[in-house]
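For reference, the chain that follows is the form predicted alone, supplied as structure tokens.
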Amino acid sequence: MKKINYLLFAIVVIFSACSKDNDNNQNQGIGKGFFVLNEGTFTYANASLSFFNEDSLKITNNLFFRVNNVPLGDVANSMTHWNNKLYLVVNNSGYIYKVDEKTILYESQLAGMHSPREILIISDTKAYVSDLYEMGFHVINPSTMEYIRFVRTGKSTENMLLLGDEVFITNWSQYEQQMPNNTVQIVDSKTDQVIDSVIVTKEPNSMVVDANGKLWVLCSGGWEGEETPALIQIDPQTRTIIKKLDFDALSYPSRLSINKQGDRLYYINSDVFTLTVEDSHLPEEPLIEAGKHYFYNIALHPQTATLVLADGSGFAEKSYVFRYHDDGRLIDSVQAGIMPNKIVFNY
């Protein structure tokens, strides 16, 4: 009886918090909008989950705690959704939460990984989890949340992208590894084995695929500026570099994103910049100037031309999330949690 009462209470909390002004959207649970995963402060275990409702134009913070009455953990690094479920990767705590996307009710947790970073869902029974410290990636079952095995690649793993049956994995970190962090490894998702790799610039941090099926890789050049940062276009079929656009040596670009049409790229280099996939030069002028803000992540709306930017300037305090038109005009801003990072849309 207590368990049933708890579940009913949790559902009431989330609906009243997120859909008070949106009663006609109850079939969609928490409504249309986007989740914000807030990293929190390292070792303080104050990571959190927020949700911005686009109908009410209100944000609900500490959502995971409100519903489940437990903290999210230490450094929430990434988030993805699959089959109406949210998967929240908590890096320093070393586990993954699986929650219902509509009610945010906790369903299961998978622990025991050293330093999980990102999760890529391949099918109902297989997902890859990259790791900052381990030289490879974890294979899990996202439906049962069971651990399957660890695949050794010889390098730590970070960003992952599925193209057909192949998974492209960036070898981003140099931490605790002797091998150079300047490759994108290619894994056969059927056998879970590395079948090839492409040498790029140091610290490949993010990837997207354009409308022509070409892979774009953004490389920061190394934490200490060992190489010139670059934006690289790769043919995933031949695994060869098509185009390489070099940044200024003092740049540190990150968070490569692409619009829904697949023809325009966005990235953060202090300010926010954009270019088309056909451009042969990097833009000189920013689309959005950072000013006093520290833009930490960017997301493109799946149905409109809206850009959502997370401001990580409050390393130990709540910070803001901004919405912009695609021409750089500010729409509005809302206060999220500490170090807002990953943004996932709910539609």
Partner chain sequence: MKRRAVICCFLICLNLFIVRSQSLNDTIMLNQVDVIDSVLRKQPVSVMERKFDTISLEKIRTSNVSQLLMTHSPVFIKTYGPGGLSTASFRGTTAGHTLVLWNDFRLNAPNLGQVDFSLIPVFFSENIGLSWGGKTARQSGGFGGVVALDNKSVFNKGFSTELMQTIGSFRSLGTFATFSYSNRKIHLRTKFFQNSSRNDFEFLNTAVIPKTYMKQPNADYFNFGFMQEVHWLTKYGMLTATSWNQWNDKKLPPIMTNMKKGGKTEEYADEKFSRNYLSFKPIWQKGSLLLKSAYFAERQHYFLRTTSAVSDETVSLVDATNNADIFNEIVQVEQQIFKSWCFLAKVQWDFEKVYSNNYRETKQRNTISFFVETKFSLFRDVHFVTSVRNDIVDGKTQGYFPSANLTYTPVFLKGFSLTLSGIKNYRPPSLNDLYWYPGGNEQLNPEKGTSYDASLDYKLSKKDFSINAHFGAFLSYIDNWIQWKPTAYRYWIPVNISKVFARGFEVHIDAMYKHDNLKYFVSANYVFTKTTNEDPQSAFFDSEGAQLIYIPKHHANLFLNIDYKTWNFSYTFEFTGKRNTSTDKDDFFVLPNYNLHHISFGKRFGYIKTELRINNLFNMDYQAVLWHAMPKINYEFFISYKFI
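Numbering follows the first chain given and starts at 1. Note that this is a predicted model, so its numbers are computed, not measured.
Another form, the form predicted in complex with the partner chain, is not on view; read the next lines as being about it.
- Contact annotation: of the candidates Trp216, Tyr128, Trp172, Tyr266, the single residue with a non-hydrogen atom within 4.5 angstroms of the partner chain in the predicted bound form is Trp172.
- For the marked spot (Ala45, Asn92 and Gly112), a heavy atom within 4.5 Å of the partner chain in the predicted bound form is present in each of the three residues.
- Under a 4.5 angstroms non-hydrogen atom cutoff, the partner chain in the predicted bound form has Tyr97 among its neighbouring residues.
- Residue contact with the partner chain in the predicted bound form: Glu176 places a heavy atom within 4.5 Å of it.
- Of the heavy atoms in Phe52, none are within 4.5 Å of the partner chain in the predicted bound form.
- Contact annotation: Asn69 falls within 4.5 Å of the partner chain in the predicted bound form, judged by heavy atom distances.
- Here the chain stands by itself, but in the predicted bound form one stretch of 233 to 241, 216 to 224, 272 to 280, 184 to 192, 216 to 224, has heavy atoms within 4.5 Å of the partner chain.
- Of the residues in 54 to 75, those that come within 4.5 Å of the partner chain in the predicted bound form through at least one heavy atom are, in sequence order, Asn62, Phe64, Phe65, Arg66, Asn69, Val70, Pro71, Gly73, Asp74.
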